[in-house]
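One chain comes next, on its own, written as structure tokens: the form predicted alone.
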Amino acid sequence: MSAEANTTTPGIVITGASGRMGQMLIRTVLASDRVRLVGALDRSGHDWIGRDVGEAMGGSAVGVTVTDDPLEAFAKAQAVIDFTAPSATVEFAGLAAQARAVHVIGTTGLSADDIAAINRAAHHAVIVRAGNMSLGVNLLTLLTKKVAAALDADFDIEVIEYHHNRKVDAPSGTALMLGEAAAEGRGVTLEDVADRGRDGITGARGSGHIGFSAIRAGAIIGEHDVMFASQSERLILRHVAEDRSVFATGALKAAIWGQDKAPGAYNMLDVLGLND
């Protein structure tokens, strides 16, 4: 364990400290009496490096200096919360595992190879990875699986997601999580039935396909619909995130939950006690 493992509350490092989600995570950690902020990480060359993170965020000093050295930061931590980019997250997974720190991953856009590398790191430490950390979305995932299992292929399934205009990956990690749940409910593999792009003369929809639509506009934090549509009726399951704090709160819950768990790859359903 890290050098501060004997303290009463887990020490947390936030990666991507200067980003919108990074700053939200820092504020959430600082406001909590269950954890401590022990590190803030950002990319080399960023103008926050070497500054107190509280002052860099426009407030008062908090005693934590922003660094670009993940190994040094993770050595002081019991948990790392990471909403960055796939290449960085894969690197952080290995380093967090070396430090035996719980690694909470909210990064989206991960490839199959990225996930395989993360899962290898999970042999040595706890990793909690989810396309979405909110309680509501994880309940929506369960509902999607149950509804997909109850309705046959006469009902088309469409996952529609809405995000801000700066989001760089599509479909969103949450949309893919919902698609996986629908596919699992149907007893199929998502890769075999996913329909991610429609442009031009596409032909009729394939029976049993799970479709995805991605909307990018304005400052939308995150909205997800799962539509089940037959020739005579439609059922729509919906989640709307009103504030990014729902993701930060869930990530913090995961970091605390993972402190006494055996090494392995977990998700938010494990954290919330909702897995079968």
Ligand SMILES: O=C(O)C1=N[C@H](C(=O)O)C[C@H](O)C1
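Just so we're clear, the structure is a prediction, and the values are computed from it rather than from any experiment. The numbering used is simple: start at 1 and walk along the sequence shown.
One more form of this protein exists, namely the form predicted together with this ligand; it is left out here, but the text below deals with it.
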{"property": "Contact test in the predicted complex: residue 30 vs this ligand, heavy atoms, 4.5 Å", "result": "no"}
{"property": "Contact label in the predicted complex: residue 144 to this ligand, heavy atom within 4.5 Å", "result": "no"}
{"property": "Contact flag, residue 167 vs this ligand in the predicted complex, heavy atom cut 4.5 Å", "result": "yes"}
{"property": "4.5 Å heavy atom contact, residue 39 and this ligand in the predicted complex", "result": "no"}
{"property": "Check all three, 108, 131 and 221, heavy atom within 4.5 Å of this ligand in the predicted complex", "result": "yes"}
{"property": "Option from 94-102, 118-126, 158-166, 180-188 whose residues, in the predicted complex, bring a heavy atom within 4.5 Å of this ligand", "result": "158-166"}
{"property": "Residues of 165-198 having any heavy atom within 4.5 Å of this ligand in the predicted complex, listed in sequence order", "result": "167, 169, 172, 173, 174"}
